[in-house]
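First, one chain by itself: the form predicted alone, in structure tokens.
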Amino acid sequence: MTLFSEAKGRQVVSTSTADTVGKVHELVVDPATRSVLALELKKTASGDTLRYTDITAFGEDAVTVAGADAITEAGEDVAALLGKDHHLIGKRVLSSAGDDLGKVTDVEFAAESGRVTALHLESSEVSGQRLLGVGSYAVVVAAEQ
């Protein structure tokens, strides 16, 4: 499992040219699928978005892609989830029952699939399967049953 804090700043390398084609700036989470939809990149020549499905591998030292052409401008679905309102880290976590569970300190995901596996809070952890929504005020998770 990989943490968002570990993924940010990682180099994106083309497997066809062995050149660095970008650097991970932010991870874009789709709460509907509870997974990373795309990477927001910095220092690219062709755009700022790399869809997770276009990643060849998410390794410990670098993210690899087949070529720089996988990096584009954000499509409509990704653009709708960009920006501070959709970032998880630092947001208050509320349960669907209205309980304040703390703030998100980090997010854990499966590098091979992008699936969010856990939200790390200040003094506890919440399964990524409980993620329901991310908004400007809070992250909402399903109440424990």
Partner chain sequence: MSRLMRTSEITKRPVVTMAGEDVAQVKDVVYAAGGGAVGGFTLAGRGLFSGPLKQSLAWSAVTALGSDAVMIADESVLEPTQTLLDASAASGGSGGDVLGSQVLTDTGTDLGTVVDVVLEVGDTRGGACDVVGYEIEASEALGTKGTKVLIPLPDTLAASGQHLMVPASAKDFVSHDLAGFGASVAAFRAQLEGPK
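Residue numbers count along the first chain shown, from 1. Since the structure is predicted, the reported quantities are computational estimates derived from the model, not experimental observations.
What follows is about the form predicted together with the partner chain, which we do not show.
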TODO: Go through Q11, S136, Q129, T17 and name the one with a heavy atom inside 4.5 Å of the partner chain in the model of the complex.
DONE: S136
Task: Residue (of A68, L94, L82, I89) lying close to the partner chain in the model of the complex, criterion heavy atoms within 4.5 Å - done: L94
Task: Heavy atom of E112 within 4.5 Å of the partner chain in the model of the complex - done: no
Open item on the list: With a cut-off of 4.5 Å between heavy atoms, is D99 one of the residues that contacts the partner chain in the model of the complex?
Closed with: yes
Open item on the list: How about V140 - does it come within 4.5 Å of the partner chain in the model of the complex, if we only consider non-hydrogen atoms?
Closed with: yes
Task: Listed range touching the partner chain, judged in the model of the complex by heavy atoms within 4.5 Å, from 22-30, 99-107, 50-58, 37-45 - done: 99-107
- [ ] Sequence order please: the residues of 14-36 with a heavy atom within 4.5 Å of the partner chain in the model of the complex.
- [x] none
